[in-house]
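First, one chain by itself in structure tokens, the form predicted on its own.
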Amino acid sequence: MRFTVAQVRTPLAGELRVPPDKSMSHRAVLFSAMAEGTSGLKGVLDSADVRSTIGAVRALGASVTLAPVADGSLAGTVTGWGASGPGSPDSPVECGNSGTTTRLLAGVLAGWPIRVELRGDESLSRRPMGRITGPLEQMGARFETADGCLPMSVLGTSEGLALEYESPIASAQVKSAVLLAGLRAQGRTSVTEPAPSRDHTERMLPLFGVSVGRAEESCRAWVDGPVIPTAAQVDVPADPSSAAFPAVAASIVPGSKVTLSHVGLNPTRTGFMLVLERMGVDLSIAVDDHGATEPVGTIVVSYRDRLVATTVTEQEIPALIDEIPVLAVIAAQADGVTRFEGVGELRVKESDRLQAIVDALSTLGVVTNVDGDTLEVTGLAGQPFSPAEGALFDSLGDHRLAMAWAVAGLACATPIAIDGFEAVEVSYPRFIDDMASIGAW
């Protein structure tokens, strides 16, 4: 699908409730499938990635009755396999484009004596799995991979070994995979990271009756096994990563004011908001409810003239890794050189996002520089982007790139087109309609 975006001539205005949180939706479905009993879920994101997790747990024996409701999310029940464990499927489990499905599921399966083959689409099949297979093999599981990538067979064990793992990277997927394997191991399994990463797993597991220890000052989390989760009730808030796109759009379109409601305000997910504030964006946050596991609130973003460059340090990156493409767009509109340090992880996301950002910003007339794992963007100080007539961008099948280039198109002197725009179905199926409702096109 090709989508065309033209410079918007009037301010963006209105209120949006962006789709449910993708990271939390994955976990709500997966933890319910692991649990004893029937869990009630609402606010689950209806997207391609989450559908992959739903299909995977069904293939492994969970009963899922989630169905669309009026607001476009999924609600219903999941009856888990509990103490009986997942079943051996007759065919490979398809994970689509979802790295979260693949990596977390590998941790779940590591503690059960079954063999399961995980497959993915072309993009997912290029993403490295060694970062999880390494520690999980230390816990007793075995893996057969295609040069460290999918397809991957998981050969679990009923005699899981507890592990004290010092992760070389801050990654919520790695941490979660190890902790989930630890639920089946004898003794304490811990993960220590070099910097804080998303902590949805640590926050949600207690809802399912699993005690999680945390030492925030040392970025360490642990579980004591063996333990079987029990059924819970989960209400998933709106996704802060999805909120980043209308937030940046309002920040670069003069006169705009956009309200984003019921957004998850987990501190490990709000790093991009701090960056926007440093750049001079008029942004206010009000916590409306602390919820069962996550704070939830309202974000109001208003345009302010003369945005300024900033430095995003390596320590900040884990809390905003998914927002870097759209943050690069606002950096390109700021005054000065914005530095993103320690962004090498972008090379192994759904696409090589680092190279994609460089290529796209160059097409927009923006100077960039990559030095090792540091990206520098020289902003245009509020001047419109200047792509050539008929400029065409490729989403590379990456939902966050597709949406980031659409936001950039609102500040382009000439219309641009984006190929592969259907990629937005992965996390934000209503993106075109929601942005239209606030005046983007």
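Just count from 1 along the sequence shown to find any residue number. This structure is a prediction, so every number in the text was calculated from the model and none was measured.
What follows is about the form predicted together with a small molecule, which we do not show.
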Only one of these stretches, 336 to 344, 204 to 212, 298 to 306, 165 to 173, has heavy atoms within 4.5 Å of the small molecule in the predicted bound form; which one is it?
165 to 173
Find the only residue in Met279, Ile321, Val154, Val234 having a heavy atom within 4.5 Å of the small molecule in the predicted bound form.
Ile321
As a check of understanding, the residue in Arg131, Arg115, Arg220, Arg119 with any heavy atom within 4.5 Å of the small molecule in the predicted bound form should be identified as Arg131
At the 4.5 Å heavy atom threshold, is Ser23 in contact with the small molecule in the predicted bound form?
yes
The small molecule contact at Thr100 in the predicted bound form, heavy atom, 4.5 Å:
yes
